[in-house]
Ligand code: HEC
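The chain below stands alone and is given in structure tokens; this is the form predicted alone.
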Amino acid sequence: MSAPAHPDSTDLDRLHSAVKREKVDLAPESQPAPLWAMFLLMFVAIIAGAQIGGPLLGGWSFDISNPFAVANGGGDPRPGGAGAGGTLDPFALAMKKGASGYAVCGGCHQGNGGGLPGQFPPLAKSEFVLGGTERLIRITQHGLVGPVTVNGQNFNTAGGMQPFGGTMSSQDLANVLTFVRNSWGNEATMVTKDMVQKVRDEEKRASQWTAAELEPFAKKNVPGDIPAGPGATAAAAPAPAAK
């Protein structure tokens, strides 16, 4: 007679399989390096490479390594790139910077300057924009509240237009006003930093204006030279010579 099969042979096979799946214990000297030690070595290698490779390769300079630099050394050709503003006349530079500054106005007056019916008046073809610069500067400097009629439409926004004199510099305000007066079909003289500063120095008002209070300034322009653009009265400063 053949010997009977071991009653636990199936369990022994499973046990042996489990043992085979177990990882072999490593000797203490064979343990893998800690993760933090590997990161430390990588960091040291990077720093060492920069210190050694820099002098050997002549050092790193954005002027040399700038991928946008032109071959003849003309600087960064991207709009707004390093040195780009040096070749723009005062009007073009104000328009460029004013376009960025207008972001604080676009939420109400919209990107196309059309405003919102009954809520925010349009800036396109607006008599407030194209009229006297003193009224326009006073509005942006101190704000406007109450009913106002623009392009034959009535507006009366709750709270009115908030003042920007406390949050924007005279130059920033001048840039935005120049941009507004020459966008969406508008064309008018630029507003300069000196003009805005003149109104700031003369008018210390702490409250918002009403349309009726601003009526005496409707056609009044703040005196000062217009360096470039429509109605220029002074020659623009020459662009710096290329080095």
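Computed from a predicted model, the values in this text were never measured in an experiment. Don't overthink the numbering: it's just position in the shown sequence, from 1.
One more form of this protein exists, namely the form predicted together with the ligand; it is left out here, but the text below deals with it.
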Test of understanding: in the model of the complex, would residue 94 fall inside 4.5 Å of the ligand by heavy atoms?
no
Residue 122 versus the ligand, in the model of the complex: is there a non-hydrogen atom within 4.5 Å?
yes
Mark residue 157 yes when one of its heavy atoms lies within 4.5 Å of a heavy atom of the ligand in the model of the complex, and no otherwise.
yes
Would you check, heavy atoms only and a 4.5 Å threshold, whether residue 162 touches the ligand in the model of the complex?
yes
Sequence-ordered list of residues in 124 to 139 near the ligand in the model of the complex, where near means a heavy atom within 4.5 Å
126, 128, 129, 136, 139
